[in-house]
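Here you'll find one protein chain in two forms, each presented separately as structure tokens under the names structure 1 and structure 2.
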Structure 1
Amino acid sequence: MEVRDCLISAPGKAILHGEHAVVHGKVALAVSLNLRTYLKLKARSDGKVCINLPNIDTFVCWELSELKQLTSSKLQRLDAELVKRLRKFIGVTNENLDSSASAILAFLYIYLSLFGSGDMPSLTVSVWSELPTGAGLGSSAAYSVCLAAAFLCATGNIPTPLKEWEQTGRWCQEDLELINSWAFQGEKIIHGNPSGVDNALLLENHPLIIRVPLLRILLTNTKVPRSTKVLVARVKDKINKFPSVMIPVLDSVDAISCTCEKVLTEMTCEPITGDHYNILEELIDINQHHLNVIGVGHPSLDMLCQVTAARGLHSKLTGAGGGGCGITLLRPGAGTMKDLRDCGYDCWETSIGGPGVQQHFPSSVKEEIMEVLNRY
């Protein structure tokens, strides 16, 4: 099969409000970030299939003849038997996958499932992300979405959306839904039992998405490792022990999410005022206190809140908590990067409300990103 080179990107995500509440039937408010994961697919002529993941120092190549022995039917649900064969093929013997093994497994699964046992193409896929991995910012979902979009284009299941006069192109809703269905298979391989929210958020036209204004935020990685599984279990344990205490807290978090959604929607259709910022900042503070109450705070996140509060800014954790990342709402002209970097944290100034998955002409992508993607 002859495939065309392509360049695709998908954004990360941040949870503004509702961490852990969604598990208990409450509203979570998540938005896309203007930090993206980029995938470059390049055709080869030497009979090899390669995956290059510089963020996690991974580069692997296989002969097509090896992969043809592992083929699968094009199922829309996870093929457990294929996953088992692939785990054995890449040498994974335990249940817990590291980030490199997870990424390779998702790549091989989507590649083999979509190309099937026919004329499988020789190609190199290189993926580089502006997102830190394992920090609760949807880097795995962005990776799975990019893989699905690239391979669906290569097989002709969806068209190339780029027009000659455009630098970027986006797919129609029907094509996005197909991308989403295959990206979810990748997320299942990486996370086991994901909600599907992360990959759906990256598609932009999905019903879960609300319109939000382009607001500046500071994204801070405390670099404290945490386990989402452990943190979710901790919240459930507290609810079981103290239901009359914890359920009202989750109800309040639900109300915070709904109020924030209302304010953000207003900000998209009328001039943004200081009152809008005041309400969002109050909701951020209230939500962060609630998150400490339900047991997912961490001293590193408390320090983030203290440092930014000294500058008149408002912060909260995003994702599972227990470390990981926090977000700070930035009013025009505000910034606190130096103070937070002095604490040993990594920081990025970015914005929320960016576009979902899209295809690019190379000239529309930053030179430094293309330099990384072009190394292989």
Structure 2
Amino acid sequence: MEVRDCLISAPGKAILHGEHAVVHGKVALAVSLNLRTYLKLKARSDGKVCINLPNIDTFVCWELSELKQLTSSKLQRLDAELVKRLRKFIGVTNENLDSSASAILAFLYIYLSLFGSGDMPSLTVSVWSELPTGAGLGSSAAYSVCLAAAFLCATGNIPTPLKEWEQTGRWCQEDLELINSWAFQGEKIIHGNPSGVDNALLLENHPLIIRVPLLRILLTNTKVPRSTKVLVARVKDKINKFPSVMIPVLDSVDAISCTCEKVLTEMTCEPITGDHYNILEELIDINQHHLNVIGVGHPSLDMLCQVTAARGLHSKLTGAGGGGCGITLLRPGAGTMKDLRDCGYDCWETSIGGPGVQQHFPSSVKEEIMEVLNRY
């Protein structure tokens, strides 16, 4: 079997409002983040299957004959037996996988599940991501979505959406749901038992995704390491310590998510005004205070807020907090933020509300990304 080459990308995700509150049954507002993961699938004719993940220094090739011994029938639910065989195959024994091992495992699992019952193609998959890994920005979900879309396309389970006269192509709702279900298998392997939110977000028009106007943001990684588990536990402790003080704060966060969703929906229907931005900024400030109240702030995030406030911009943490990443809303015309790089932070000027998973003509992808992907 020979597959057709293809080029696919999927966005990251950012939580606008409701991180932590979502753990306690409140609404969270997550949006697609236009830092993307790009996957190039290229047919080979030498009977090898290769994966190149330069972000995490992972480059592996197998003989098709090796992989054929691991084949399984197609399964929609995670085939625990196959995962076990794959772990043994790649020589992983402990429970906690590093990012390289879990990425390989997800790749092999989806590859074998989709091709294993028939003619297995010789191919190379190369992936390059603009997303920092492990920063709560959905990099592993974007990877799984790209893998699922590429292999489903290669097997003919979903069509190639690219029209000759267009730079990019997107799938219909039904196809997106199929991509999502397979991507979710990859996520389960990488994360254990994810909520499924990350994938769903990457597939536009899913009920969990609200229509969001394309808004410029600054994403800042303070590079302060933190443990999501520890932070979630800290919030829980604080709620137990001061329930009457904290539960109303979660209610307020819930109302912030709902109010923000309403404003964003309005912004997709009517001309965007300064008032829309004023409200979005006020909600960002309020929620950042609430996140400090529930105990997930950090001096590095205070610094982010101060530096951007000095330019009239409004920031909040996004994700787990306690360091990690912050998001700053950029009004049209807002300048760049050299000051933040002076703090030692990584910054990306990007946008939210961009397209979900899509197929590309190579010419529609930034040159420097194609340059990385074409190396392999």
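Whichever C-alpha set is largest while still superposing within 1.5 Å between the two forms counts as the rigid core. Quick note, the numbers are simply positions in structure 1, starting from 1. Not measured: the values here are computed from a predicted model.
The form predicted on its own appears here as structure 1; structure 2 is the other form of the chain.
A255 is not among the residues whose C-alpha shifts by 2 Å or more between the two structures once the rigid core is aligned; its shift stays under 2 Å. Once the rigid core is overlaid between the two structures, M246 counts among the residues whose Cα shifts by 2 Å or more.
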